[in-house]
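One chain follows as structure tokens, the form predicted on its own.
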């Protein structure tokens, strides 16, 4: 293994960034290589120990929903691309010589073998079936801890659990019945096949939709950056201006605890007031904290509606020391920040120490959207989606528009 990693590091040192840096802007000393330009509606990505990449597609391309990418000649670009299996979805990860991938209602796995065909779709095993599904926030993102516990995001098919969803003045249902089967993270056994939803346990609740969900092997903790709720201004115009809605509620960065309650739909976080506030559907007035005192607090908060879609803790040695054990977050980009500019559409970095942020976040990679300002997501050339760390320490980023995959290297 050490020899393999040393070889990968040596290869990284001889790579050359694309002349246009893959169209992206990164800090000094970093370079970008386009691994492949148009894979399809790419979602999450993972790198196997030998550097083989696996990408999950939201929609099938040529009838396939998982794509393997390999760089056979060492130039950093994929020259072997092959599709597998026939379902779309988001989640993908590697554990104990298996590739795990999710649809919107199931989790599957494939034994990884050496050679040009590393997985066999005909030998697919069902790990979990019957996960709750509704066609809103349906992505089942997954991560696995070092002991083989498998965590699955089950997003809530609602904005704020109103009696009539997204309707002005409609009160919230209390208690919210969706939390019985949605709006949280469930835990299963990654080493066991043919599990049902009822075999899992609800690990954390009050999380609207954790597309960005990750186990950190260094701190031995589970983290998530869920999507916050929308439309404070249109649902309660007497309490919130358009400008307030553009920034609120905050996108929250959590360390998840067993049996932790993170507040949705009853509470939301305001990074200007540094407080969890009672949601207007439940009697809040943009100031009161009543009922939210015991909800879990975020480690860090970001402006609203940036849509965090993946989270990665960096443990490689290719990047400078400041990045060691820090967190990268892919912000997919907003649709509802008017009258302010749309926000997100970049990859952020958060330094970490002892399992918690040790400094302010910063923009690490940007330029995905193709211009300084876009009016709506459909105008974006690219939207950053998935993150993976290669065995040499390279950072891979996927795009959900065209399916571009980038590889970020350090060249100094």
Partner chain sequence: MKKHFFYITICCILLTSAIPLSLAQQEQIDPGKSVYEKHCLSCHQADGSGVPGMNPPLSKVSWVTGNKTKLIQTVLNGISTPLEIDGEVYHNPMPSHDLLSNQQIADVLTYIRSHFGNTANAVTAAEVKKVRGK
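Numbering follows the first chain given and starts at 1. Not measured: the values here are computed from a predicted model.
Although it is not shown, the form predicted in complex with the partner chain is what the next lines describe.
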item: Residue (of 336, 297, 191, 187) lying close to the partner chain in the predicted bound form, criterion heavy atoms within 4.5 Å; value: 336
item: Contact residue in the predicted bound form, from 180, 165, 285, 321 (heavy atom within 4.5 Å of the partner chain); value: 165
item: Per-stretch contact check against the partner chain in the predicted bound form, the hit in 83-91, 229-237, 258-266, 285-293 (non-hydrogen atom, 4.5 angstroms); value: 229-237
item: Contact flag, residue 382 vs the partner chain in the predicted bound form, heavy atom cut 4.5 Å; value: no
item: 4.5 angstroms heavy atom contact with the partner chain in the predicted bound form for residue 375; value: yes
item: Contact test in the predicted bound form: residue 126 vs the partner chain, heavy atoms, 4.5 Å; value: no
item: Contact flag, residue 175 vs the partner chain in the predicted bound form, heavy atom cut 4.5 Å; value: no
item: Heavy atom contacts to the partner chain in the predicted bound form at 4.5 Å, residues of 26-47 in sequence order; value: 41
